[in-house]
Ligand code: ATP
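Okay, here we've got a single chain as structure tokens, the form predicted alone, with questions on binding and movement later.
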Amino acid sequence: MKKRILTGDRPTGPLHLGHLVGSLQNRVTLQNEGNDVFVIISDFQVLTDRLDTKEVERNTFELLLDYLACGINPDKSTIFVQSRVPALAELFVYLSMLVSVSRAQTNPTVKEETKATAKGKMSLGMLGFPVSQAADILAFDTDVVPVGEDQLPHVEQARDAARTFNHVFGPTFKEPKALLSKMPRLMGLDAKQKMSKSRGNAIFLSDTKEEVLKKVKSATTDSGKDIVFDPEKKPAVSNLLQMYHLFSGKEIKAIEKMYEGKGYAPFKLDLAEVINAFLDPIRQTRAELAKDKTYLSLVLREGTVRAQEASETVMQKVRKHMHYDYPSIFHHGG
């Protein structure tokens, strides 16, 4: 049965291999299965942890290029820009009146920001970040939100907001369900934390062959020379083996056998080659698309119009249930 899907990213920089295996491939599958996929470029939410906005427009186009190059089809999926859909800001206002400060503070993203900043330095926008995400999800009558395990609380926040609204104003929203990615979390090249653009441990989808080779050669390894999959004793090598498996399709046991007694240097060179071979078609598609700014603008414009229409349908129901649909005031002369 066809489902409405809501997923997306903040335009804060290029996407990397972790995004590819953790979410992008899943989005393409959901799209190709015939679901109604909405992909949000969450430009408002860039502001939750940074105020330098000079690169937001460029990053939005870079994000779009990554989406299209990885197989998200604008004829099947709706790609849109958050700040250009007025319903999202309106619904955020309504929901923010229903969510307590203490409930917002239980969200892991807010908790992490609380630890990272000195007391009193958190912005009101960061505190409201989970409510903004709830508005994004609920405004599209979303059935399913694909997430990693660490993002489950964000979906639960949306479900809570939906329940509260329905209790106060009457049945309006579905309670969206989370769809967990089946892919393992891809750790960064430092093997310490998950791959992240802010931690300098990522291979980006837009990296050149030379950049990939340089990054893989400098990737963290463990003591010794044996290339074996043992996440407890050899976490760094196990992480690189996992990458080799994901991007070559070879089983880990077969890879171990290939490099028995060979050491890390030839293994890393071949891993870089495997990743580059995987990224080549993405790079080529990306380069072709980047030449046509008119087409890219059209994709965003048409997707955003579709998102405006879909969210407005939901908001008409929201306003009616809240008694905020009082047009008569504006229809009487005087």
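The term rigid core refers to the maximal set of C-alpha atoms that superpose within 1.5 Å between the two forms. Numbers for residues come from their place in the sequence shown, where the first is 1. This is a predicted model, so every value here is computed, not measured.
There is also a form predicted together with the ligand; it is not shown, and the following applies to it.
K.L.:
Between the options 225, 209, 192, 185, which residue brings a heavy atom to within 4.5 Å of the ligand in the predicted bound form?
P.N.:
Residue within 4.5 Å of the partner: 185.
K.L.:
Just to confirm, with a 4.5 Å cut-off on non-hydrogen atoms, which of 125, 171, 263, 148 contacts the ligand in the predicted bound form?
P.N.:
After the contact test, the surviving option is 148.
K.L.:
Even though the ligand is not shown here, does residue 321 get within 4.5 Å of it in the predicted bound form, heavy atoms only?
P.N.:
No, residue 321 stays farther than 4.5 Å from the ligand in the predicted bound form.
K.L.:
With heavy atoms only and a cut-off of 4.5 Å, decide whether residue 196 touches the ligand in the predicted bound form.
P.N.:
Contact with the ligand, yes.
K.L.:
Does at least one non-hydrogen atom of residue 113 fall within 4.5 angstroms of the ligand in the predicted bound form?
P.N.:
Contact with the ligand, yes.
K.L.:
Give a yes or no for residue 50: in the predicted bound form, does one of its heavy atoms lie within 4.5 Å of a heavy atom belonging to the ligand?
P.N.:
Answer yes; at least one heavy atom of residue 50 falls within 4.5 Å of the ligand in the predicted bound form.
K.L.:
Tell me, please, which stretch of 214-222, 76-84, 197-205, 89-97 lies within 4.5 angstroms of the ligand in the predicted bound form when heavy atoms are compared?
P.N.:
It is 197-205 that comes within 4.5 Å of the partner.
K.L.:
Core-aligned, does residue 172 move its Cα 2 Å or more between the shown form and the other one?
P.N.:
No; that C-alpha moves by less than 2 Å between the shown form and the other one.
K.L.:
After superposition on the rigid core, does the Cα atom of residue 239 shift by at least 2 Å between the shown form and the other one?
P.N.:
Shift at residue 239: 2 Å or more after core fit.
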